[in-house]
Every structure is written in structure tokens, then in C-alpha cells.
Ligand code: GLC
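As C-alpha cells, one chain now follows by itself in the form predicted on its own.
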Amino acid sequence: MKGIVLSIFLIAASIVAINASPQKSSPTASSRTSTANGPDWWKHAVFYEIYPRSFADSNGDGVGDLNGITSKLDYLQDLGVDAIWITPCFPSPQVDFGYDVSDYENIDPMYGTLADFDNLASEAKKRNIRIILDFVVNHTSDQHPWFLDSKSSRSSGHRDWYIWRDGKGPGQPPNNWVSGFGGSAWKFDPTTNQYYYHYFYAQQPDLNWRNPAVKDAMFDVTRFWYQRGVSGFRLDAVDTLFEDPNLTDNPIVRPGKNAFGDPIEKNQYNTKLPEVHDVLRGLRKIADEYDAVLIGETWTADVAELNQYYGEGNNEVQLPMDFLFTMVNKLSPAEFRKQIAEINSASGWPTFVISNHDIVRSYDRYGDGKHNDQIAKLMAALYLTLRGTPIMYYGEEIGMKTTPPTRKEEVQDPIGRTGWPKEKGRDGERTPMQWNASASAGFTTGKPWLPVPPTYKTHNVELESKDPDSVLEFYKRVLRLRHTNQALLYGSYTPTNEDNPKVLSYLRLYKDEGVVVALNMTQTPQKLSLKLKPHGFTSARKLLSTGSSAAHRSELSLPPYGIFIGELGK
């Protein structure tokens, strides 16, 4: 959601299929019993983000929908998914593709109906798959009835539900705050001769969370969906809920302009105010009544800041996303080891993501253009075997790549239209899911809302399901292992090879069981001597590997970008 950080990710780093064979059989995903049960079910769940416009189109209009998602639940179950996070599917003018909500308690007709949602929830429950909705807490659409009433007069019942102020003078906004999507964060409305505040687009006016009526209404939205079977929410843009009531100007951090031509400010007075945590505690209290989970879109500078979102006694967000992990945009064992250690020192449960709808896909960020499939498996082996909860992004499991528009006329994302050519927008990471090699990759029988990348012919679900060496089959195998191995489910994390700068390896230890994960992050063969005796083990036996990766007691050999996941023995 946050345009300010997107430029970090929209410059993709430039950085043979290999054999993946499990040594030990495990139940198929369709027959397994979900480990994601109990009050802390989210600790052992695998989450999967779905961008509904791009996942599966059931009616041929070129836009994905809820019935399309329902039709793919068997696929998601077989993959090993426990919960699906659906980005906003509420009624919306679609200025920001659903992140401008005009009704929090309904479904946008382009995605279906409430009955379709209820059917999706029912069918998902049969497959032990939970549903997480994306809750846009900071702002509404300017077409929401609350805002339409708010702008009607200075004395309207909803006037104080949004942030209205007089300008400094004729044609001058109240202060120097700029929108994350470009231009002033203030929009003049001639109806009442005042400005309203919008951190994002002008069509996304910020709610006034200092008004108790706003808090009560928004809390009631969560109850509405919990009672329809939702198991939690991903909280969008939580940092921006409050603003300095004195409207103090933000400091300019350095000379020059950003991608939108605006001064480069530090958002000191309109983001991350302490009152944010009061709201998070309130949302968590309701979530606990339903054994639900809250996932936070939490951009933080370090783990100390991340800890604030867990809250004292872990009474805020259970799963604040560690975006610092995504910013290790190179295959660096040292950098990953450092970031993993930091998140393991946090006060709450770790959450790992490597891509989402706002970030250039991991296939491009880590790939070198030649070994991308091998590297995609390497990244899967990393974030799916760590202590913590992973959140996958649709298409990651088949090696989908980012395909940005090449001409401004092709751009759908308003960020790209505003910032072109420095800022091309986020269309490239939101292209249709690649189901098969037929027209439009099997996503739709109509014209897809975004072009299907040419790689759909080589990277699609149908083709990869038949290839034991594919990225998809590797994802399935590592997820099956994750769901059945006690050490991977419950074990601690211990790094093992600080003396080898080219291999990232670690142990997952639980009671008298252990698993070693070793990842060669280079294009040259590597050997590794594991120090197992201090942990009560002497050898490693292969559970899952790629290529010629092998173990001789505690000695490992790894081919280029090789993966070894082994069971420890005494």
C-alpha cells in the first residue's frame, strides 16, 4: 500500500532445472490433518495471499472473482495452504483497486455477492482453509456514504469522521504534508471551503480515528465478518491511522525531489504516532473473542520498532510482517543470517514474506536470469523452513516473474500513471495467475484486465504439476514436510555455519528431534562440515534435496544453488 517504499522494491535486482526428491514419504496435502488448529493456530499455518482481480475468473469478464477462488480451493489444499488472505473485495470505485472502500460490509459486484462469499467460506472450511480479509483501516473511498455526508456541510453528522481544516491562506493547504502517492496530502472541497486530508489518493480520505464513533464503527466491521466465518484480518497501512492534531509541518530530510516531484520529507507528524497502538489493542481484544489473527502491514526500521506492534504481553498484532527480510535483496547468507537472528530475538512470533502485491516478485529480485528456477526453490526452502509463519504470494510457487508495462498507455496502476517513467507502478507483480498454456493462461475466457506474461507457456500449474523437477513440485514437497515434521513445526532456530560465507545453514531442534537446512547461495559447488555434537547429534539423513546434494554423516556437499534438508541422527 505504501507508495513511499515502493521505489525500493520496483528496481529488481539482477542476480537447468534441478532434481528435487524426498527421501521420506509424507501424506498428501489433500489427506493431511491441518496443524493450524487451537488458539495459536496461526503459528503453524501457511498463509497464501490472493489478489482477487488476478487469481481466477469464473465468468469470462477478464477480472478474477470469488467463485474463481472457490474453484481453486482443491489446488490450494493440495499445495499445502492453511489460510488465504484476500486483498480487498469490498464495493469500491477501484481507484486503488479496492483499497478505496465504499462499503465495508458487502462484496463488490465485480467479485460476486455475499452469497458467493458465504459459499467460499463454507467450501474453504471443508478443506481446513481459513479466510483472512484485507481491512483498510486508515481511509475510505470518497464515495463511501460516511464521506458523502461528511462533505455535505460543516455541521453534518459525519463531518468529524474525517479530517477537515482551513487552509493557511487562499490556495494554500493547511501544512506541507505530501501524499504517499504524489502531490499535497490535502484536497480543497469548494462545498464547504475546507481541505480534507488524504495520506494516499485524494479519493481516499483519511478517517479521523480520534473520533470514538469512527472507532466503534470500524470495530463493528470486524465483528460483522468474524460472524460470517472470517478468521482474521490483514491490517492495511496501520502506521498512518493518526496525525498530529497541531498539523506540524514535516521536516525536509534532504534536497531534491522524489519520483513524484515532491519534496523529500520525513513523515514525522503523520505516521507512527503512539495512538496507533491503542487501536491495535482494541482490534486484538475483539479478535481474541473469535480466535482470530491480525496480520500487520508494518514497515519498521528495526526489530525494536517491530516489537511495538506485538505490544506489551503480545496484546496487539500477532503477525506483524517483517519487511526487513524482503529488503535483503541479494543471495547473502550473512545478511539473511543477521535478519533471521534479529526477528528471532523479537518479542513475538516471526512472520516471513518474500513478495506481495506491492513488491517486485522474488523470482526477479533474487534470480540471476539463468538459474532463476533453482534460486526460486532455494528461497522456498529458506522461508518455509524457518521458525515462524510464512505468507506466500500467489504465483510464487510456480516461478511467476514481474512483467512491468513498457508503455504509459498500458499502465493500470495510478501510481505508474502519475510517476511514469521513474515509477512504473505495481502492475508487473499483479499479472494473472498462470494456470495452463491455453489462451490467457487459463485465467479467463475473456480479455484479462492485465496482459498475461509470455512465461505462462513454461511456468504454469498444469505443466509444472507433471514435472517432478518443477518449482511447484518443490513447493509442495517442502510444505508437506513442514506440516508433518515436528522439528519444523515446533523447533527452535539455531544457526550452524558462521564460518562458511557461501552457505546458509541452520538447525530446527525440538525435544530429541532435529532438522538441518543447508542452502548454497552461490553458483559454485560447496562443502560444509556440520557441528552437530554440541547439539547431541552426529549425522544428517536426507529428507529433501536438489541436484546432487548429499550428506556423509555430518559432511554435506552441495551443487550450485543446492538445497539439503536432513533429519539429524545420533
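Each residue number is its position in the shown sequence, starting from 1. Just so it is clear, the structure is predicted and the values come from calculations on it, not from any experiment.
Note that the form predicted in complex with ligand GLC isn't included here; everything after this is about it.
Judged against ligand GLC in the model of the complex with a 4.5 angstroms heavy atom cut-off, the residues F55, K401 and Y475 are out of contact without exception. Put simply, of D96, D373, D142, D108 only one has a heavy atom within 4.5 Å of ligand GLC in the model of the complex, and it is D96.
The single contact residue among H158, H277, R387, H357, judged by any heavy atom lying within 4.5 Å of ligand GLC in the model of the complex, is H357. Put simply, R361 is far from ligand GLC in the model of the complex: not one heavy atom of it is within 4.5 Å. In the model of the complex, ligand GLC sits within 4.5 Å of a heavy atom belonging to A237.
Heavy atoms of K151 never reach within 4.5 Å of ligand GLC in the model of the complex, leaving it off the interface. Residue contact with ligand GLC in the model of the complex: K272 places no heavy atom within 4.5 Å of it. Shown alone, this chain has one stretch from 362-370, 285-293, 482-490, 196-204 that lies within 4.5 Å of ligand GLC in the model of the complex by heavy atoms: 196-204. Taking ligand GLC as it sits in the model of the complex, the stretch 384-409 never comes within 4.5 angstroms of it through any non-hydrogen atom.
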